[in-house]
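A lone chain, given as C-alpha coordinates: the form predicted alone.
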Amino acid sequence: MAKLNDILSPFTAWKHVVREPVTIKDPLNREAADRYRGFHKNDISECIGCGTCESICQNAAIDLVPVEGVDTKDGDSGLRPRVDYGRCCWCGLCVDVCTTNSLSLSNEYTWVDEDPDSFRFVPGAENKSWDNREKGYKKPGNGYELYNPKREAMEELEPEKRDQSFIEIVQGYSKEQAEQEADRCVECGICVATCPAHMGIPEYIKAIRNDDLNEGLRVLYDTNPLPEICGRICTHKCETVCSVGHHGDPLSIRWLKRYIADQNPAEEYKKILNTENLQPTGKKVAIIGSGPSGLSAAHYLALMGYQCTIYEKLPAAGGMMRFGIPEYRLPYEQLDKDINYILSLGVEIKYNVTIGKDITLEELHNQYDAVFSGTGLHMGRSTRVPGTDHPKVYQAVDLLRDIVLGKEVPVEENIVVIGGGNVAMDITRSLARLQKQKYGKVGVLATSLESEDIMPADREEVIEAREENAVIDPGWGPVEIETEGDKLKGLHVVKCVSVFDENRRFAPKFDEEQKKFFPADMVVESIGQGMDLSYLPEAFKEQLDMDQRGRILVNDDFQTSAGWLFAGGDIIQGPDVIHGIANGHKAAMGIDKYLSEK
(Lines give C-alpha, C1' and ligand atoms only; values in the text may rest on other atoms or scores of the structure.)
Protein backbone atom coordinates (compact mmCIF):
# COMPACT_ATOMS: atom_id res chain seq x y z
CA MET A 1 0.00 0.00 0.00
CA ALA A 2 1.38 3.37 -0.95
CA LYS A 3 2.36 5.71 1.85
CA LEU A 4 1.23 9.34 1.94
CA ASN A 5 4.82 10.53 1.68
CA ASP A 6 5.28 8.59 -1.58
CA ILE A 7 2.32 10.50 -3.04
CA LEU A 8 3.36 13.99 -1.92
CA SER A 9 7.16 13.92 -2.45
CA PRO A 10 7.03 14.33 -6.29
CA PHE A 11 5.27 17.67 -5.78
CA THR A 12 8.39 19.04 -4.02
CA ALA A 13 9.94 19.42 -7.47
CA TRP A 14 7.60 22.35 -8.11
CA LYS A 15 9.80 24.52 -5.87
CA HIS A 16 12.30 24.83 -8.77
CA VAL A 17 9.71 26.57 -10.95
CA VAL A 18 10.49 29.94 -9.40
CA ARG A 19 14.27 29.63 -9.55
CA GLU A 20 16.51 31.44 -12.11
CA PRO A 21 17.39 28.96 -14.90
CA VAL A 22 21.10 28.23 -15.60
CA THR A 23 21.75 29.03 -19.25
CA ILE A 24 25.09 28.91 -21.07
CA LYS A 25 24.70 31.52 -23.75
CA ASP A 26 27.93 30.70 -25.62
CA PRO A 27 28.90 27.10 -24.76
CA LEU A 28 31.69 26.87 -27.39
CA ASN A 29 33.65 29.73 -25.81
CA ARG A 30 33.15 28.76 -22.20
CA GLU A 31 36.45 28.20 -20.37
CA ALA A 32 36.80 24.82 -18.74
CA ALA A 33 37.78 24.23 -15.14
CA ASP A 34 41.38 25.05 -14.22
CA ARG A 35 42.50 21.38 -14.05
CA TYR A 36 40.23 20.11 -16.83
CA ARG A 37 41.93 17.42 -18.97
CA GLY A 38 41.79 18.83 -22.49
CA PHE A 39 44.14 18.55 -25.47
CA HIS A 40 47.78 17.59 -25.04
CA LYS A 41 50.84 19.82 -24.87
CA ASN A 42 54.46 18.62 -25.08
CA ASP A 43 57.70 20.49 -24.44
CA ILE A 44 59.70 19.12 -27.36
CA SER A 45 63.01 20.27 -25.89
CA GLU A 46 62.39 18.36 -22.63
CA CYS A 47 60.85 15.24 -24.18
CA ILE A 48 63.33 12.41 -24.86
CA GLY A 49 60.96 10.12 -26.78
CA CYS A 50 61.25 7.38 -24.15
CA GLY A 51 57.82 6.00 -25.07
CA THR A 52 56.49 5.45 -21.55
CA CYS A 53 53.37 7.42 -22.56
CA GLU A 54 52.87 5.05 -25.50
CA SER A 55 53.34 1.96 -23.31
CA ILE A 56 50.93 2.99 -20.58
CA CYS A 57 48.10 4.09 -22.89
CA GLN A 58 45.38 1.45 -22.61
CA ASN A 59 43.63 2.66 -25.76
CA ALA A 60 46.68 2.58 -28.07
CA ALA A 61 46.06 6.28 -28.66
CA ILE A 62 49.77 7.22 -28.65
CA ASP A 63 52.55 6.16 -30.97
CA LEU A 64 56.09 7.52 -31.32
CA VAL A 65 56.99 9.15 -34.64
CA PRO A 66 60.00 10.98 -36.11
CA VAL A 67 59.80 14.76 -35.96
CA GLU A 68 61.62 17.15 -38.26
CA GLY A 69 64.38 19.01 -36.46
CA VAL A 70 64.71 16.44 -33.66
CA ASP A 71 67.76 14.21 -34.02
CA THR A 72 68.47 10.84 -32.45
CA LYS A 73 71.28 10.99 -29.90
CA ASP A 74 72.34 9.38 -26.64
CA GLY A 75 69.42 9.62 -24.24
CA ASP A 76 66.97 10.80 -26.91
CA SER A 77 65.27 8.48 -29.39
CA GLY A 78 64.52 11.41 -31.71
CA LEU A 79 60.86 10.34 -31.69
CA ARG A 80 57.94 12.22 -30.18
CA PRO A 81 54.42 11.10 -29.14
CA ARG A 82 51.55 11.46 -31.62
CA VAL A 83 48.06 11.42 -30.08
CA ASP A 84 45.00 9.94 -31.81
CA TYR A 85 41.87 11.65 -30.43
CA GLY A 86 39.71 8.98 -31.97
CA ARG A 87 41.10 6.70 -29.23
CA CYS A 88 42.16 9.00 -26.38
CA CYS A 89 39.96 8.97 -23.26
CA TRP A 90 41.86 11.81 -21.53
CA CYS A 91 42.64 9.68 -18.50
CA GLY A 92 45.97 11.50 -18.04
CA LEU A 93 48.06 8.40 -17.34
CA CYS A 94 50.45 9.47 -20.11
CA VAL A 95 51.09 12.66 -18.14
CA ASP A 96 51.46 10.83 -14.84
CA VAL A 97 54.10 8.43 -16.21
CA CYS A 98 56.09 10.98 -18.25
CA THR A 99 59.67 10.73 -16.94
CA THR A 100 60.69 14.24 -17.99
CA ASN A 101 57.40 15.98 -17.13
CA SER A 102 57.33 17.35 -20.69
CA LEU A 103 53.80 16.08 -21.39
CA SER A 104 50.72 17.82 -19.97
CA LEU A 105 47.07 18.48 -20.79
CA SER A 106 45.67 21.95 -21.48
CA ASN A 107 42.15 22.82 -20.37
CA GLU A 108 41.08 23.42 -24.00
CA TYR A 109 38.24 21.14 -25.01
CA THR A 110 36.95 22.49 -28.32
CA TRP A 111 38.52 21.76 -31.69
CA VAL A 112 36.51 22.03 -34.89
CA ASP A 113 37.91 20.68 -38.14
CA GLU A 114 36.43 19.01 -41.21
CA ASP A 115 39.50 16.79 -41.75
CA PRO A 116 39.34 13.76 -39.43
CA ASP A 117 43.08 13.07 -39.89
CA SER A 118 43.91 16.37 -38.21
CA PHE A 119 42.85 14.85 -34.89
CA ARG A 120 45.98 12.70 -34.94
CA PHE A 121 48.69 15.22 -34.11
CA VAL A 122 52.11 15.58 -32.47
CA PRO A 123 51.83 17.94 -29.48
CA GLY A 124 54.56 20.53 -29.46
CA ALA A 125 55.58 19.88 -33.05
CA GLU A 126 52.33 21.25 -34.51
CA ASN A 127 51.32 24.71 -33.30
CA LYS A 128 47.95 24.89 -31.55
CA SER A 129 46.02 27.69 -29.86
CA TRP A 130 46.36 26.00 -26.47
CA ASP A 131 50.13 25.64 -26.57
CA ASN A 132 50.70 28.59 -24.22
CA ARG A 133 47.82 27.96 -21.84
CA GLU A 134 48.90 27.59 -18.23
CA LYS A 135 45.68 25.95 -17.08
CA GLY A 136 45.06 22.26 -17.47
CA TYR A 137 46.35 19.01 -15.98
CA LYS A 138 49.98 18.54 -15.03
CA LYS A 139 51.61 15.82 -13.01
CA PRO A 140 51.20 16.75 -9.35
CA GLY A 141 54.33 17.57 -7.38
CA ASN A 142 56.60 15.55 -5.16
CA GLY A 143 55.47 12.08 -4.15
CA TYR A 144 53.21 11.49 -7.14
CA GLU A 145 55.62 9.47 -9.29
CA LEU A 146 54.39 6.08 -10.49
CA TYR A 147 57.87 4.73 -9.70
CA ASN A 148 60.23 5.24 -6.78
CA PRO A 149 62.64 8.09 -7.67
CA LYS A 150 65.19 6.89 -5.10
CA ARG A 151 67.57 4.07 -6.00
CA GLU A 152 68.15 1.16 -3.69
CA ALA A 153 71.32 1.89 -1.72
CA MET A 154 74.29 -0.41 -2.29
CA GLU A 155 76.07 -1.71 0.77
CA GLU A 156 79.83 -1.12 0.78
CA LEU A 157 82.67 -1.82 3.17
CA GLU A 158 83.44 1.12 5.44
CA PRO A 159 86.72 2.93 4.57
CA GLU A 160 88.40 1.80 7.79
CA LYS A 161 87.57 -1.84 6.95
CA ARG A 162 88.97 -1.73 3.42
CA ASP A 163 91.87 0.73 3.32
CA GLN A 164 94.56 -1.86 4.10
CA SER A 165 93.33 -4.71 1.94
CA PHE A 166 92.27 -5.55 -1.61
CA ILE A 167 89.02 -7.32 -0.66
CA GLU A 168 85.93 -6.36 -2.67
CA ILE A 169 84.25 -3.14 -1.54
CA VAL A 170 80.78 -3.40 -3.10
CA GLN A 171 78.69 -6.11 -1.41
CA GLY A 172 75.97 -6.61 -4.04
CA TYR A 173 72.18 -6.57 -3.80
CA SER A 174 70.05 -9.02 -1.84
CA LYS A 175 67.00 -10.54 -3.57
CA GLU A 176 64.68 -8.02 -1.94
CA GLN A 177 66.92 -5.06 -2.84
CA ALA A 178 67.31 -6.21 -6.45
CA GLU A 179 63.57 -6.65 -6.93
CA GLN A 180 62.82 -3.25 -5.42
CA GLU A 181 65.39 -1.62 -7.68
CA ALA A 182 64.07 -3.52 -10.71
CA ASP A 183 60.56 -2.23 -9.88
CA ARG A 184 61.75 1.30 -10.67
CA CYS A 185 62.37 0.48 -14.34
CA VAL A 186 59.77 1.95 -16.73
CA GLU A 187 61.00 -0.32 -19.59
CA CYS A 188 61.51 2.60 -21.96
CA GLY A 189 64.69 1.04 -23.42
CA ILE A 190 66.36 4.43 -23.96
CA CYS A 191 69.46 2.87 -22.33
CA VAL A 192 69.78 0.11 -24.96
CA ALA A 193 70.91 2.45 -27.73
CA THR A 194 73.61 4.01 -25.53
CA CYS A 195 75.08 0.65 -24.43
CA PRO A 196 77.83 -0.18 -26.96
CA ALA A 197 76.76 -3.85 -26.83
CA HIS A 198 73.05 -2.91 -27.05
CA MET A 199 72.23 -5.25 -24.20
CA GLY A 200 68.60 -6.16 -23.55
CA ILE A 201 68.50 -4.10 -20.36
CA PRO A 202 64.71 -3.83 -19.87
CA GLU A 203 64.40 -7.58 -20.53
CA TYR A 204 66.92 -8.70 -17.93
CA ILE A 205 65.53 -6.24 -15.39
CA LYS A 206 62.08 -7.68 -16.07
CA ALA A 207 63.49 -11.16 -15.42
CA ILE A 208 64.57 -9.97 -11.96
CA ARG A 209 61.05 -8.71 -11.25
CA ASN A 210 59.70 -12.09 -12.36
CA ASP A 211 62.31 -13.88 -10.22
CA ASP A 212 63.44 -15.76 -13.34
CA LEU A 213 67.21 -15.39 -13.11
CA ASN A 214 67.88 -18.17 -15.63
CA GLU A 215 66.06 -16.08 -18.22
CA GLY A 216 68.00 -13.04 -17.03
CA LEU A 217 71.28 -14.89 -17.66
CA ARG A 218 70.16 -15.88 -21.16
CA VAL A 219 69.39 -12.23 -21.96
CA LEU A 220 72.80 -11.15 -20.65
CA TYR A 221 74.68 -13.71 -22.75
CA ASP A 222 72.86 -12.72 -25.94
CA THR A 223 75.19 -9.74 -26.20
CA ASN A 224 77.67 -9.94 -23.31
CA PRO A 225 79.68 -13.03 -22.28
CA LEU A 226 81.37 -11.23 -19.34
CA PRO A 227 78.46 -10.35 -17.00
CA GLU A 228 80.30 -10.84 -13.70
CA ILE A 229 82.99 -8.47 -14.92
CA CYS A 230 80.67 -5.88 -16.45
CA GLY A 231 78.39 -6.13 -13.42
CA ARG A 232 81.27 -4.68 -11.41
CA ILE A 233 83.46 -2.42 -13.52
CA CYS A 234 81.47 -1.40 -16.60
CA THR A 235 81.53 2.35 -17.19
CA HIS A 236 77.68 2.09 -17.21
CA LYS A 237 76.97 4.85 -19.73
CA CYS A 238 73.47 3.35 -19.86
CA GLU A 239 72.77 4.86 -16.44
CA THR A 240 73.69 8.37 -17.62
CA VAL A 241 70.73 8.34 -20.03
CA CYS A 242 68.22 6.47 -17.82
CA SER A 243 64.89 8.27 -18.24
CA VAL A 244 64.05 7.78 -14.56
CA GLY A 245 67.15 9.85 -13.80
CA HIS A 246 65.56 13.02 -15.16
CA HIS A 247 63.55 13.44 -11.94
CA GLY A 248 65.17 10.96 -9.59
CA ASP A 249 68.14 8.61 -9.32
CA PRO A 250 68.93 6.60 -12.46
CA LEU A 251 68.49 2.85 -12.17
CA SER A 252 71.45 0.86 -10.86
CA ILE A 253 71.66 -1.09 -14.11
CA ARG A 254 75.21 -2.29 -13.52
CA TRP A 255 74.42 -3.69 -10.05
CA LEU A 256 71.30 -5.46 -11.36
CA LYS A 257 73.40 -7.16 -14.04
CA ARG A 258 75.81 -8.29 -11.34
CA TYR A 259 72.92 -9.62 -9.23
CA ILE A 260 71.81 -11.97 -12.04
CA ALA A 261 75.34 -13.27 -12.65
CA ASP A 262 76.09 -13.66 -8.93
CA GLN A 263 72.96 -15.71 -8.29
CA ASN A 264 73.47 -18.22 -11.12
CA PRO A 265 76.03 -20.92 -10.18
CA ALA A 266 78.83 -21.45 -12.72
CA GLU A 267 78.20 -25.20 -12.94
CA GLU A 268 74.68 -24.52 -14.26
CA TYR A 269 75.68 -22.11 -17.02
CA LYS A 270 75.93 -24.63 -19.87
CA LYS A 271 72.54 -26.10 -19.04
CA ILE A 272 70.85 -22.72 -18.64
CA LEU A 273 72.44 -21.32 -21.80
CA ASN A 274 71.91 -24.52 -23.78
CA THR A 275 75.56 -24.81 -24.82
CA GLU A 276 76.21 -28.43 -23.88
CA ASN A 277 76.27 -29.75 -27.45
CA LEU A 278 77.91 -27.31 -29.86
CA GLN A 279 78.38 -28.50 -33.44
CA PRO A 280 81.96 -28.02 -34.75
CA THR A 281 82.55 -26.47 -38.17
CA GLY A 282 86.07 -27.90 -38.50
CA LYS A 283 87.50 -24.40 -38.94
CA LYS A 284 90.02 -22.73 -36.65
CA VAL A 285 90.47 -19.13 -35.52
CA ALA A 286 93.51 -17.69 -33.74
CA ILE A 287 92.94 -14.84 -31.29
CA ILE A 288 95.73 -12.57 -30.08
CA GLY A 289 95.08 -11.32 -26.55
CA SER A 290 92.69 -12.52 -23.86
CA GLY A 291 91.17 -9.16 -22.98
CA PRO A 292 87.45 -8.38 -23.32
CA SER A 293 87.42 -8.25 -27.12
CA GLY A 294 89.41 -11.49 -27.52
CA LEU A 295 87.28 -13.37 -24.97
CA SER A 296 84.07 -12.03 -26.51
CA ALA A 297 85.14 -13.05 -30.01
CA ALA A 298 86.17 -16.50 -28.75
CA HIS A 299 82.83 -17.00 -26.98
CA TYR A 300 80.62 -16.18 -29.96
CA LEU A 301 82.87 -18.05 -32.42
CA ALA A 302 82.78 -21.11 -30.16
CA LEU A 303 78.97 -20.98 -30.12
CA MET A 304 79.10 -21.06 -33.94
CA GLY A 305 81.34 -24.15 -33.87
CA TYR A 306 84.77 -22.63 -34.52
CA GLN A 307 87.82 -24.00 -32.71
CA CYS A 308 89.41 -20.96 -31.07
CA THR A 309 92.92 -20.65 -29.66
CA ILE A 310 93.85 -17.52 -27.73
CA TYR A 311 97.52 -16.49 -27.60
CA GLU A 312 98.21 -14.55 -24.39
CA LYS A 313 101.48 -12.81 -23.62
CA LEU A 314 100.96 -12.83 -19.82
CA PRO A 315 100.63 -15.84 -17.46
CA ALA A 316 96.87 -15.36 -16.89
CA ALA A 317 93.83 -14.35 -18.96
CA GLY A 318 91.86 -11.13 -18.79
CA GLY A 319 94.17 -8.46 -20.22
CA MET A 320 93.68 -5.07 -18.57
CA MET A 321 90.66 -6.42 -16.68
CA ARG A 322 93.06 -8.52 -14.58
CA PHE A 323 96.32 -6.58 -14.88
CA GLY A 324 94.91 -3.04 -14.82
CA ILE A 325 91.95 -3.14 -12.42
CA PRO A 326 92.60 -3.75 -8.69
CA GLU A 327 91.05 -6.76 -7.02
CA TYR A 328 88.99 -4.60 -4.61
CA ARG A 329 86.91 -3.59 -7.66
CA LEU A 330 87.05 -6.86 -9.58
CA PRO A 331 87.84 -10.01 -7.56
CA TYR A 332 89.81 -12.59 -9.54
CA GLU A 333 87.36 -15.37 -8.70
CA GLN A 334 84.56 -13.47 -10.47
CA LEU A 335 86.85 -12.72 -13.42
CA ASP A 336 87.70 -16.42 -13.61
CA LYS A 337 84.03 -17.41 -13.44
CA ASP A 338 83.37 -15.64 -16.74
CA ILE A 339 86.62 -16.85 -18.34
CA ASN A 340 86.25 -20.47 -17.23
CA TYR A 341 82.78 -20.68 -18.77
CA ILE A 342 84.23 -19.54 -22.13
CA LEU A 343 86.99 -22.14 -21.79
CA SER A 344 84.33 -24.79 -21.09
CA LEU A 345 83.03 -24.17 -24.62
CA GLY A 346 86.28 -25.61 -26.01
CA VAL A 347 88.31 -22.41 -26.24
CA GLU A 348 92.03 -22.93 -25.57
CA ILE A 349 94.45 -20.34 -24.18
CA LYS A 350 98.21 -20.55 -24.75
CA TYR A 351 99.86 -18.44 -21.99
CA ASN A 352 103.24 -16.69 -22.00
CA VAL A 353 103.32 -16.59 -25.80
CA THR A 354 104.47 -13.39 -27.48
CA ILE A 355 103.42 -12.96 -31.09
CA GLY A 356 106.39 -11.94 -33.21
CA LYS A 357 108.80 -13.66 -30.84
CA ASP A 358 107.48 -17.14 -29.95
CA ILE A 359 105.31 -17.43 -33.06
CA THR A 360 104.94 -15.04 -35.98
CA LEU A 361 101.78 -13.50 -37.36
CA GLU A 362 102.50 -15.20 -40.67
CA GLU A 363 102.55 -18.59 -38.94
CA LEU A 364 99.15 -17.88 -37.38
CA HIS A 365 97.86 -16.92 -40.83
CA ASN A 366 99.09 -20.22 -42.24
CA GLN A 367 97.82 -22.39 -39.39
CA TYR A 368 94.36 -20.85 -38.93
CA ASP A 369 91.44 -19.90 -41.17
CA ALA A 370 91.24 -16.39 -39.67
CA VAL A 371 92.98 -14.29 -37.01
CA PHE A 372 91.50 -11.77 -34.57
CA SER A 373 93.71 -9.27 -32.77
CA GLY A 374 92.63 -7.56 -29.55
CA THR A 375 95.93 -6.64 -27.94
CA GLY A 376 94.71 -3.62 -25.97
CA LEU A 377 96.58 -0.61 -24.62
CA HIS A 378 99.28 -1.80 -22.26
CA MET A 379 101.90 0.92 -22.70
CA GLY A 380 101.91 3.98 -20.46
CA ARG A 381 102.24 7.51 -21.82
CA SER A 382 104.52 10.13 -20.37
CA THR A 383 103.92 13.85 -19.81
CA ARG A 384 107.53 14.31 -21.00
CA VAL A 385 108.07 17.25 -18.66
CA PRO A 386 111.63 17.66 -17.36
CA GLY A 387 112.44 15.00 -14.78
CA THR A 388 110.27 12.19 -16.18
CA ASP A 389 113.41 10.20 -17.00
CA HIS A 390 114.26 9.90 -13.28
CA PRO A 391 114.26 6.30 -11.97
CA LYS A 392 111.62 7.18 -9.36
CA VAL A 393 109.08 8.17 -12.01
CA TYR A 394 106.84 5.23 -12.93
CA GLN A 395 103.98 4.36 -15.25
CA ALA A 396 100.67 3.39 -13.59
CA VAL A 397 99.99 0.44 -15.92
CA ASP A 398 103.41 -1.08 -15.09
CA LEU A 399 102.85 -0.82 -11.34
CA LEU A 400 99.29 -2.21 -11.53
CA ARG A 401 100.53 -5.17 -13.55
CA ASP A 402 103.38 -5.85 -11.12
CA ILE A 403 100.98 -5.80 -8.16
CA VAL A 404 98.87 -8.52 -9.83
CA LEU A 405 101.95 -10.55 -10.72
CA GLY A 406 103.00 -10.47 -7.08
CA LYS A 407 106.16 -8.49 -7.74
CA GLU A 408 107.48 -6.09 -5.15
CA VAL A 409 106.58 -2.55 -6.19
CA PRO A 410 108.18 0.66 -4.90
CA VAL A 411 106.06 2.36 -2.22
CA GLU A 412 107.50 5.64 -0.97
CA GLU A 413 106.07 7.67 1.90
CA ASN A 414 105.00 10.61 -0.30
CA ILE A 415 103.69 9.88 -3.79
CA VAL A 416 102.17 12.09 -6.49
CA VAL A 417 100.03 10.58 -9.24
CA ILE A 418 99.52 12.58 -12.46
CA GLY A 419 96.18 11.78 -14.10
CA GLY A 420 92.42 12.06 -13.58
CA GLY A 421 91.00 8.90 -15.16
CA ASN A 422 89.97 5.59 -13.66
CA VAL A 423 93.47 4.13 -14.07
CA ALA A 424 94.85 7.09 -12.10
CA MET A 425 92.32 6.43 -9.35
CA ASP A 426 93.16 2.70 -9.43
CA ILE A 427 96.88 3.29 -8.88
CA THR A 428 96.21 6.04 -6.33
CA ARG A 429 93.99 3.77 -4.24
CA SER A 430 96.28 0.76 -4.67
CA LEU A 431 99.32 2.72 -3.51
CA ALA A 432 97.29 4.18 -0.62
CA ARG A 433 96.57 0.63 0.57
CA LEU A 434 100.23 -0.36 0.26
CA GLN A 435 101.31 2.79 2.11
CA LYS A 436 98.84 2.02 4.90
CA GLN A 437 100.29 -1.48 5.19
CA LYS A 438 103.90 -0.25 5.14
CA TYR A 439 103.74 3.06 7.05
CA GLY A 440 100.40 2.95 8.85
CA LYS A 441 99.30 6.12 7.05
CA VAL A 442 98.46 7.38 3.55
CA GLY A 443 100.57 9.97 1.72
CA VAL A 444 99.42 9.92 -1.89
CA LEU A 445 98.09 12.86 -3.91
CA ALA A 446 96.54 12.72 -7.39
CA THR A 447 96.41 15.74 -9.66
CA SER A 448 95.08 16.24 -13.17
CA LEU A 449 94.69 18.85 -15.88
CA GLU A 450 90.91 18.51 -15.67
CA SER A 451 89.01 20.33 -12.98
CA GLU A 452 86.89 18.13 -10.74
CA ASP A 453 83.67 18.65 -12.74
CA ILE A 454 85.23 17.23 -15.92
CA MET A 455 87.56 14.60 -14.49
CA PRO A 456 87.20 11.46 -16.64
CA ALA A 457 87.24 9.12 -13.62
CA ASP A 458 83.93 7.75 -12.37
CA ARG A 459 82.60 9.98 -9.62
CA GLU A 460 82.44 7.17 -7.09
CA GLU A 461 86.13 6.43 -7.68
CA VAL A 462 87.07 9.98 -6.66
CA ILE A 463 84.80 9.88 -3.61
CA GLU A 464 86.10 6.50 -2.45
CA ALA A 465 89.73 7.57 -2.98
CA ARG A 466 89.15 10.51 -0.64
CA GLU A 467 87.40 8.24 1.86
CA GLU A 468 90.63 6.22 1.90
CA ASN A 469 92.60 9.40 2.77
CA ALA A 470 94.13 10.00 -0.66
CA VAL A 471 94.25 13.68 -1.66
CA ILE A 472 92.69 14.61 -5.01
CA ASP A 473 93.75 18.08 -6.19
CA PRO A 474 92.57 18.50 -9.81
CA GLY A 475 93.01 21.40 -12.24
CA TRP A 476 96.82 21.61 -12.38
CA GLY A 477 99.26 21.10 -15.23
CA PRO A 478 102.67 19.48 -14.61
CA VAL A 479 105.66 21.71 -15.37
CA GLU A 480 108.68 19.90 -13.97
CA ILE A 481 109.61 17.05 -11.67
CA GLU A 482 112.29 18.37 -9.35
CA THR A 483 115.10 15.93 -8.63
CA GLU A 484 118.37 15.95 -6.71
CA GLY A 485 120.71 13.17 -7.69
CA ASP A 486 119.01 9.86 -7.06
CA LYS A 487 116.31 11.55 -4.98
CA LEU A 488 113.04 12.98 -6.20
CA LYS A 489 111.85 16.20 -4.54
CA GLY A 490 108.38 16.75 -6.00
CA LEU A 491 106.23 18.09 -8.82
CA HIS A 492 105.87 21.72 -9.92
CA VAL A 493 102.47 22.59 -11.44
CA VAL A 494 100.59 25.62 -12.76
CA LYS A 495 96.86 26.24 -12.83
CA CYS A 496 95.05 24.78 -15.83
CA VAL A 497 92.21 27.14 -16.79
CA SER A 498 90.81 25.08 -19.69
CA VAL A 499 91.55 21.71 -21.27
CA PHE A 500 89.67 21.81 -24.58
CA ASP A 501 89.10 24.48 -27.23
CA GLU A 502 85.71 25.49 -28.63
CA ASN A 503 85.78 22.43 -30.94
CA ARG A 504 86.42 20.04 -28.01
CA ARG A 505 89.99 19.46 -29.18
CA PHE A 506 92.68 18.93 -26.56
CA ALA A 507 94.30 22.35 -26.17
CA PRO A 508 95.06 23.09 -22.49
CA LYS A 509 95.59 26.68 -21.35
CA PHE A 510 97.35 27.69 -18.17
CA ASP A 511 97.61 30.59 -15.73
CA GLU A 512 101.37 30.72 -15.14
CA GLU A 513 100.90 33.04 -12.16
CA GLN A 514 99.12 30.38 -10.12
CA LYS A 515 101.69 27.78 -9.08
CA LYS A 516 101.96 24.89 -6.64
CA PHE A 517 104.59 22.44 -5.57
CA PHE A 518 103.61 18.93 -4.52
CA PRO A 519 106.44 17.35 -2.44
CA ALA A 520 107.01 13.69 -3.34
CA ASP A 521 109.55 10.88 -3.13
CA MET A 522 108.00 9.16 -6.13
CA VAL A 523 105.83 10.21 -9.11
CA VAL A 524 103.47 7.99 -11.09
CA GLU A 525 102.23 9.03 -14.52
CA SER A 526 98.76 7.94 -15.58
CA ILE A 527 97.69 10.16 -18.47
CA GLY A 528 96.63 7.45 -20.90
CA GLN A 529 97.86 4.31 -22.58
CA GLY A 530 99.25 3.46 -25.97
CA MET A 531 99.24 0.33 -28.12
CA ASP A 532 102.08 -1.98 -28.99
CA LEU A 533 101.74 -3.25 -32.58
CA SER A 534 105.32 -4.52 -32.81
CA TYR A 535 103.95 -8.01 -33.55
CA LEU A 536 102.95 -6.71 -36.99
CA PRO A 537 105.97 -7.03 -39.38
CA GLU A 538 106.92 -3.70 -40.94
CA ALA A 539 106.39 -5.01 -44.48
CA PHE A 540 102.89 -6.18 -43.49
CA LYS A 541 102.05 -2.83 -41.82
CA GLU A 542 102.96 -1.01 -45.02
CA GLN A 543 100.31 -3.03 -46.85
CA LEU A 544 97.69 -2.62 -44.11
CA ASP A 545 95.27 0.32 -44.21
CA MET A 546 96.03 2.52 -41.19
CA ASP A 547 95.14 6.08 -40.25
CA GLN A 548 97.55 8.95 -39.69
CA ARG A 549 97.80 8.15 -35.98
CA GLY A 550 98.93 4.60 -36.72
CA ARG A 551 95.62 2.94 -35.84
CA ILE A 552 94.46 -0.05 -37.85
CA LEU A 553 91.44 0.71 -40.03
CA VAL A 554 88.59 -1.81 -40.04
CA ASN A 555 85.19 -2.06 -41.71
CA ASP A 556 81.82 -2.59 -39.98
CA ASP A 557 82.74 -6.28 -39.43
CA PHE A 558 86.02 -5.23 -37.77
CA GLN A 559 87.86 -6.75 -40.70
CA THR A 560 91.17 -5.18 -41.75
CA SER A 561 92.24 -4.60 -45.33
CA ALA A 562 94.20 -7.89 -45.11
CA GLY A 563 90.92 -9.81 -45.21
CA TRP A 564 91.96 -12.72 -42.98
CA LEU A 565 92.91 -10.41 -40.08
CA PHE A 566 90.22 -8.89 -37.85
CA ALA A 567 90.87 -6.42 -35.02
CA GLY A 568 88.92 -4.94 -32.12
CA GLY A 569 89.01 -3.74 -28.54
CA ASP A 570 90.99 -0.78 -27.27
CA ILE A 571 93.32 -0.68 -30.28
CA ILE A 572 90.25 0.14 -32.41
CA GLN A 573 87.60 1.69 -30.16
CA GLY A 574 87.13 2.64 -26.54
CA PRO A 575 89.01 2.32 -24.31
CA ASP A 576 86.65 0.40 -22.07
CA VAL A 577 85.48 -3.15 -21.46
CA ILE A 578 82.03 -2.87 -22.95
CA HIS A 579 83.29 -1.52 -26.30
CA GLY A 580 85.74 -4.43 -26.41
CA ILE A 581 82.94 -6.91 -25.79
CA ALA A 582 80.81 -5.34 -28.52
CA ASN A 583 83.75 -5.29 -30.95
CA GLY A 584 84.54 -8.94 -30.28
CA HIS A 585 80.92 -9.94 -30.88
CA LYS A 586 80.69 -8.07 -34.19
CA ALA A 587 84.07 -9.40 -35.29
CA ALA A 588 82.94 -12.97 -34.53
CA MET A 589 79.94 -12.48 -36.82
CA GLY A 590 82.23 -10.88 -39.40
CA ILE A 591 84.64 -13.84 -39.26
CA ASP A 592 81.74 -16.26 -39.68
CA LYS A 593 80.54 -14.28 -42.70
CA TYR A 594 84.07 -14.20 -44.16
CA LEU A 595 84.67 -17.93 -43.71
CA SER A 596 81.19 -18.85 -44.94
CA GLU A 597 81.82 -16.98 -48.18
CA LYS A 598 85.37 -18.26 -48.58
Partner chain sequence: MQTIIENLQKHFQVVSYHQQRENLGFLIASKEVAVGLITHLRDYEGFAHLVLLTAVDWIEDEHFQLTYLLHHPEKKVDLGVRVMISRENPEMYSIHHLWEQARTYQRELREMFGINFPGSPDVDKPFILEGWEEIPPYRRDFDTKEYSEKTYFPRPGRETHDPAEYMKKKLYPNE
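The structure presented is a predicted model; accordingly, all values stated were derived computationally and were not measured. Residue numbers count along the first chain shown, from 1.
Not pictured, yet referred to below: the form predicted together with its partner chain.
Open item on the list: Among the candidate stretches 539-547, 49-57, 560-568, 526-534, which one is within 4.5 Å of its partner chain in the predicted bound form when only heavy atoms are counted?
Closed with: Selected stretch: 49-57.
Open item on the list: Please tell me whether any heavy atom belonging to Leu330 falls inside 4.5 Å of a heavy atom of its partner chain, as the geometry stands in the predicted bound form.
Closed with: No.
Open item on the list: Please determine whether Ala32 contacts its partner chain in the predicted bound form, using a 4.5 Å cut-off between heavy atoms.
Closed with: Output for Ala32 is no: heavy atoms all beyond 4.5 Å of its partner chain.
- [ ] Find out whether any non-hydrogen atom of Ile44 is located within 4.5 angstroms of its partner chain in the predicted bound form, and reply yes or no.
- [x] So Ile44 does not count as contacting its partner chain.
Open item on the list: How about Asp76 - does it come within 4.5 Å of its partner chain in the predicted bound form, if we only consider non-hydrogen atoms?
Closed with: Because a heavy atom of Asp76 falls inside 4.5 Å of its partner chain in the predicted bound form, the answer is yes.
Open item on the list: Exactly one residue in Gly189, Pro250, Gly490, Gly172 has a non-hydrogen atom within 4.5 Å of its partner chain in the predicted bound form; which is it?
Closed with: By the 4.5 Å heavy-atom cutoff, the listed residue in contact is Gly189.
- [ ] With its partner chain left out of view, choose which of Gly143, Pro116, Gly406, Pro315 has a non-hydrogen atom within 4.5 angstroms of it in the predicted bound form.
- [x] The residue from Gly143, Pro116, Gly406, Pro315 that makes the contact is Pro116.
TODO: For the heavy atom contacts within 4.5 Å of its partner chain in the predicted bound form, list the residues of 531-562 involved, in sequence order.
DONE: Contacts from 531-562: just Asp556.
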